[in-house]
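A single chain comes next, written as structure tokens; it is the form predicted on its own.
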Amino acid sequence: MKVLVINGSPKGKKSNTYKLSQAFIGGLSENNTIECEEIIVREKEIGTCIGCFGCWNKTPGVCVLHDDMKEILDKMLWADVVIWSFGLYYFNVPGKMKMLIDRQLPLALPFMVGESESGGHPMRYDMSGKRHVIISTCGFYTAKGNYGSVNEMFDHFLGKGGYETIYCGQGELFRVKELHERTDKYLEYVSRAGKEYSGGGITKDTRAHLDELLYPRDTFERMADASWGISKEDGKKEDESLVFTRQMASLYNKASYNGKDIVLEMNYSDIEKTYQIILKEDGYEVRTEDFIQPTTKVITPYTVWRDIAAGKISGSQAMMDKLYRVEGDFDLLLNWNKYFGSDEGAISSGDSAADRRKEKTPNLMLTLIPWITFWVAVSVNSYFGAFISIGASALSLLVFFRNRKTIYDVISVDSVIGLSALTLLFPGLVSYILPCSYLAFGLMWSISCLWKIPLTAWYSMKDYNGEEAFENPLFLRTNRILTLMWGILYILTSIWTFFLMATPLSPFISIINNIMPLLMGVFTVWFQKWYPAHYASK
């Protein structure tokens, strides 16, 4: 497949639209061997058409102006697919690209044809096998209603329906590194569109994603206004750190408001600048003075926070490396994407967030039910309890079929079935088998601390952006500590169970073994919030 990219942006390869075009070509090349040529219009010598019609009657098919247009027209005839790539300039193509379009006249014959309502000219060459794609970004929040004159122009020389379009609003966001997660997601859809186009055409599902807003209108327009770096009050230039803070604040998602205003204070320690972002029910406010008591205070070098926002370093890793610290309520940091993710009306809400809700997630009950059934049932009646435990283990896999299975679920089912079989084969050894079951359970928890992902992390990740949490070292450290503590609890449980079974206190073993996990559960809920905040405050 021969592909020609006509890059009409005055910014050349630094163009926002160019990123979309490259993503589209990447998709084209997935299932095809392509030969790609690129024309950067601003680098070419292209004169203005003088309207002499010499290419029609004096030198048919050849322009009287001798510049780079002959080479460009030759490449247009060579290509199977022509990609017209440009940013929207005053509701049409950039000036020099319009000059290139005007100079296409040698490709046509002068005769009149009646296929078009408004008239037209036949092509000098057979263009029937060529395909055209228009890829463009604009600076408005939406592409809708802004490409009328572009479509009218291309309809005339390519014919209505004779080309595919990818029009993207909010194009300036593609140059903002801090927003790369959102823009990268859109580029994935553009790449998918290229792949589908090579196979026949862009699907409705992909088209729907391409037509979605990157951010809701009010969020985008707040970011756009803040990006100019001048004050709305007096038009004077603002400090770069203030501009950055305003843009960060503009991402505030009002849907996250929980009934109480949050005061986030950003203290940029290396430049000695402090700002407050007040998150309210109806929006946000950025203060440079008249500060109030902060809910959450972040003390950080400005350079570090910029690098975190740009994705150059991980925020959680930067905290582990003690590059910044947090005072006050740590909940804002734990749920940063909730407050500053702007999920409503954006790409992520239409795809990744919905996909996460549909994904199967691990359920701790799937691990616990076989064990709890064994401990209770065998304590009451070893013979029938063993059968009940085997049945509960098998049934748990069926009852929780909608949940994602982990290695610990498999180990639990296999272990309980094995322990139940031992109980049936050696009923006289129940006083040993029962304590051993607690020991096995405790060892499973404790040994998992040596692995990359400790046991509790699998079951708490759903509250922290799914598997993304596994890249958070503070999340893993918190869960590693909790997992070890649960493991130690059950190892100790095996010891006191073994010794108490031969004493008058044996009837109370079940009570003790139920109360201790309940207390540990209360501790776990507290520790999950306390430890990250404690670490962050150092």
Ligand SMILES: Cc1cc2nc3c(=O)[nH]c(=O)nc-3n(C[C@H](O)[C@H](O)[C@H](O)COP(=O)(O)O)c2cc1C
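Note that the coordinates shown come from a computational prediction; the quantities given were computed from them, not determined experimentally. Throughout, we count residues from 1 along the sequence that is shown.
The next section is about a form of this same protein that is not shown, the form predicted together with the named molecule.
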I'd like to check something about C138: if you look in the predicted bound form, is any of its heavy atoms closer than or equal to 4.5 Å to a heavy atom of the named molecule?
yes
For F291, is any heavy atom within 4.5 Å of the named molecule in the predicted bound form, or not?
no
Proximity of F426 to the named molecule in the predicted bound form, heavy atoms at 4.5 Å
no
Just checking whether K11 would be counted as a contact of the named molecule in the predicted bound form - the rule being heavy atoms within 4.5 angstroms.
yes
Based on heavy atom distances of at most 4.5 Å to the named molecule in the predicted bound form, which listed stretch, 392-400, 329-337, 316-324, 89-97, is the contact stretch?
89-97
The one option of Q104, N146, T165, T295 with any heavy atom within 4.5 Å of the named molecule in the predicted bound form is N146
Candidate from D155, E172, E238, D307 lying within 4.5 Å of the named molecule in the predicted bound form - any heavy atom:
E172
Heavy atoms within 4.5 Å of the named molecule in the predicted bound form is the criterion; list the residues of 514-538 that meet it.
none
